[in-house]
Ligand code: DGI
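Shown here is one chain on its own, the form predicted alone, set out as structure tokens.
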Amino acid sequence: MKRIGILGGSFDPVHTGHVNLAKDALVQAELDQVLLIPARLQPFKQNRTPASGEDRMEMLRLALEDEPAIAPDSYELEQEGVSYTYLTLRAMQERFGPDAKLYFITGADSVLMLESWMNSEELLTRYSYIAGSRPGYRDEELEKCVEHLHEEYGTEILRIHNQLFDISATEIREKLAAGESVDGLIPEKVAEYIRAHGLYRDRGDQPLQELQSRGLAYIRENLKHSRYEHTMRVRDEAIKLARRFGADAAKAETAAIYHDMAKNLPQDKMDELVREFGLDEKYLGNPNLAHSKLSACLMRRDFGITDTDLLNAVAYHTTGRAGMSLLEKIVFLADAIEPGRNYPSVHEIREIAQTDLDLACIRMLERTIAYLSKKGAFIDSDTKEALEDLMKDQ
């Protein structure tokens, strides 16, 4: 019986932690082969930050060329839509045959969340797992989880130790963008490839017109029609408010285009990204709160946007926050009063927004808190702090 390890991820770029985890799994779990399968990218196809699927596959080939039993595989890059683990494992099982035993290789944190994954029962009853962890890292919690999954589903989970699994690809990209050394973090041949192809360079100096074009291309492809139309109305409203209150209209337009880019992601994909970006657990299962933070994270990761004001305008457009910039207030309000909105106090807030931006934001925040309180829903602390902060100057 063949024993095949499957290691998924963005591999953007592949780093020493990925390679070491694959090598340790191969040896410690006595596998015949390990496949590293990069996920398909969702953002605009010409986007070069992060790297394209072709670049990521080539970097994997370079990183693994001296490891005959470990290889990259382009399966997920060749599929349409979201790269769900259960679909990949189904395809691999079909490829290797019913007698092959598949082990999905992942970190301890992901093992703890396996029951929340799409088609989790299928994943837990049909496949086995290899958990890479550092000695002493959440040992007790992981042990209880492994025991529970075995009792509940019969899941086999092998534990191995990998000292470098916690290397952050995000930090590596930031170092590369800043021109800092990444010696020891990524294989030297991968570093040479990155330099030769100009990957992960700081894109913070991109012209706003270019960012707008790329953002529009993304939302046309990825948002539902109704959400796309809403975004266009927010864009138009943000431009009007920016001109009225002396803000940069081009920046307001750019932030508005990106503000809901994560809105139509499936819930399990949102939760996966919340964990990937290290966001607060309050965003898990809460798309209304999570989408704004995730949109800002995707702007930075997938479009190379580093302008703090743009990122914050998107990140806080749902909740507001204390100390909002002029641009943040404009995007927050534009989202709330665009012509498609139709709630009881919207006409009053639109009228106030003709002359007093802060007061309009106050009325919107008051309305949000009252509405959520009436429903008994969660109220983000940022919303309360935003209202308190704005009231100080009234």
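Counting begins at 1, following the sequence as shown. On a predicted model such as this, the values are computed, not experimentally measured, just so you know.
Omitted from view is the form predicted in complex with ligand DGI, to which the following refers.
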Subject >> Selected contact from 286, 88, 222, 312, since only one has a non-hydrogen atom within 4.5 angstroms of ligand DGI in the model of the complex >> reply: 286
Original post:
With ligand DGI left out of view, which of 291, 321, 173, 233 would have a heavy atom within 4.5 Å of it in the model of the complex?
Top reply: 291
Original post:
Of the listed stretches (185-193, 260-268, 207-215, 99-107), which one has a non-hydrogen atom within 4.5 Å of ligand DGI in the model of the complex?
Top reply: 260-268
Subject >> Contact label in the model of the complex: residue 370 to ligand DGI, heavy atom within 4.5 Å >> reply: no
Original post:
in the model of the complex, does residue 380 have a heavy atom within 4.5 Å of ligand DGI?
Top reply: yes
**OP:** Answer yes if any heavy atom of residue 61 is within 4.5 Å of a heavy atom of ligand DGI in the model of the complex; otherwise answer no.
**Re:** no
**OP:** May I ask you to state whether residue 126 is within 4.5 Å of ligand DGI in the model of the complex, using heavy atom distances?
**Re:** no
Subject >> Whether 317, 335 and 341 all lie within 4.5 angstroms of ligand DGI in the model of the complex by heavy atom >> reply: yes
